[in-house]
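Consider the single chain below, provided in structure tokens and representing the form predicted alone.
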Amino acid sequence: MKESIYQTVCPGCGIGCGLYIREDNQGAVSIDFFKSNPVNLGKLCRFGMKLPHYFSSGAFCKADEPSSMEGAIRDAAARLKGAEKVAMLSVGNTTCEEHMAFERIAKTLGSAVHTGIQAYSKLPPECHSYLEGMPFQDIEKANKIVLFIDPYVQYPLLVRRLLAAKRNNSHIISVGTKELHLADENLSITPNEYSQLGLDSNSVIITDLHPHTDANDIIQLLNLSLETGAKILTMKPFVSSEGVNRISKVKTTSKGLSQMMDEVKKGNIRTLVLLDSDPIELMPDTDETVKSLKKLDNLIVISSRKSPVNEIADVVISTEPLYRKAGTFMNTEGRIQENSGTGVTGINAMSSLNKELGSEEFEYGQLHEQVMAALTNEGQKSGYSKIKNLATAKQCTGGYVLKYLYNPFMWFNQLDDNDFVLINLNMVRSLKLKKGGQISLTSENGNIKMRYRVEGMPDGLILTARKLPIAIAGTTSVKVEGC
């Protein structure tokens, strides 16, 4: 059977693991290992191994009539001409060149592209360059590493770097909600107690920077880095999160994903244009997000894959699968990687849309030159002063709290075998849960019964690596019962 082989990057997260995709003449795909790739040396996590499922169905063009690429482009242009209160979202789920093309359309519309990470807009601009990537090899050389993430669940291929660091006698401390087996110490401490971590210029702080990251968490770690000289690595969730955040120059005014959904709900955004970014998948409360999106005058989606937002969109412009695209990615460490694919369907579609909107066409070569110039222009680290904490929304206190442990399966609403929540032994005893039984969780969004697994965690906390219908936000107050 004839097949095509593509050298590409896993879209699961910002680590950017290299792999080969084999595609037969029926469009079915399989995975092959790219053993010489410097990022992952051929290793893949569970999400990477399940990429055939991720790529199993592409998007279909959708428009009023006719439902074709040309029809979809004309329909999108007709809706955008004269549209008011337009917002555009690209979180980094596609190539940097397609993101640059999206930026061109935004300029034509007098709008801006948001990458969905609100923490940037909450920080002084001089701090932004300190949130850019650093080589993963620096992790292996650190004398001390402090983790504010769960690498096993959130960024599995980071674990091999941490194990290499341990072999080099690095001391690893986990600060968080769940005990990690690879850590030499597991601490549950507040920011006021971070001084006891004993960091210096040979230390590395590893945290997460995603659409639902609390800006205060980043502020506290930036201040810790400033005080101790420790490096800070902010892991990012999408294949080119690092790239698109370097390309987009509107970080100080950028809207976060939750903020955008609030603006949609209030009617302050009436037309939303999405580039391989699905708020239904990305927001914690699926039903509430669907309700908000249905209030829009226009919902226009440019997408390479089938996802829930396509079903309610007014227009869908379908592009080729990610592995077939010509283009560039930048991973969390700041490494530039290129696809071996040559597809420019997405670029050409956006070029035609830009022309329909009354502006100039563009082509891949121009965009690629702009991308390379933007990605190789490192941010100037001119220093920053201690940052004040921001006012925060009321947090869940007392009782039981369900908290999302964001990971690739959750971001993309993919099936995962880990169909359970994590609780501690005290909760098992107090609720008199039976071995092999379930726990009942209730919020204002309803009730769900889940299997559970026991981990070392604080009392009252329930962690989930799956998106649950009872969740209202990343952290949700719940009532619990045994069943």
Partner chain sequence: MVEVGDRLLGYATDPNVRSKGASGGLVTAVLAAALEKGLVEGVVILKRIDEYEAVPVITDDVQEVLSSGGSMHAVPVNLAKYVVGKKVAMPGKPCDVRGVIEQAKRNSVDLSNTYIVGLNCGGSMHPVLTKEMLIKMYEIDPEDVVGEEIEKGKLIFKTKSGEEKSISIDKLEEEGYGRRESCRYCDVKIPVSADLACGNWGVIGELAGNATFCEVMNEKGKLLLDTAIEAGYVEVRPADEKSISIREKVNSAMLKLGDEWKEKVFDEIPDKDRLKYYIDQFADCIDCGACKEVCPVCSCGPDSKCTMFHSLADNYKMSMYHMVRLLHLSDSCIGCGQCADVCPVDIPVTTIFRRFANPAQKNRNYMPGMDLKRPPFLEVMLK
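On a predicted model such as this, the values are computed, not experimentally measured, just so you know. Numbering follows the first chain given and starts at 1.
One more form of this protein, predicted in complex with its partner chain, exists but is not displayed; see below.
Within this chain, Leu44 lines the site of its partner chain in the predicted bound form, having a heavy atom no more than 4.5 Å away. Contact annotation for Ala28: none of its heavy atoms lies within 4.5 Å of its partner chain in the predicted bound form. For Ser36, a non-hydrogen atom is located within 4.5 Å of its partner chain in the predicted bound form, even though that partner is not displayed. Its partner chain is not drawn, but in the predicted bound form it has a heavy atom within 4.5 Å of Asp32. Annotation: in the predicted bound form, residues Tyr54, Lys231 and Arg466 none come within 4.5 Å of its partner chain through any heavy atom. Only one of 368-376, 277-285, 177-185, 104-112 lies within 4.5 Å of its partner chain in the predicted bound form by heavy atoms, and it is 177-185. This chain lacks the partner; the member of Arg160, Arg74, Lys355, His128 within 4.5 angstroms of its partner chain in the predicted bound form by a non-hydrogen atom is Arg160. Contact with its partner chain in the predicted bound form, defined as a heavy atom within 4.5 Å, holds for exactly one of Leu431, Met69, Val454, Ile448, namely Val454. Looking at 14-30, the residues that come within 4.5 Å of its partner chain in the predicted bound form, counting any heavy atom, are Tyr20, Arg22.
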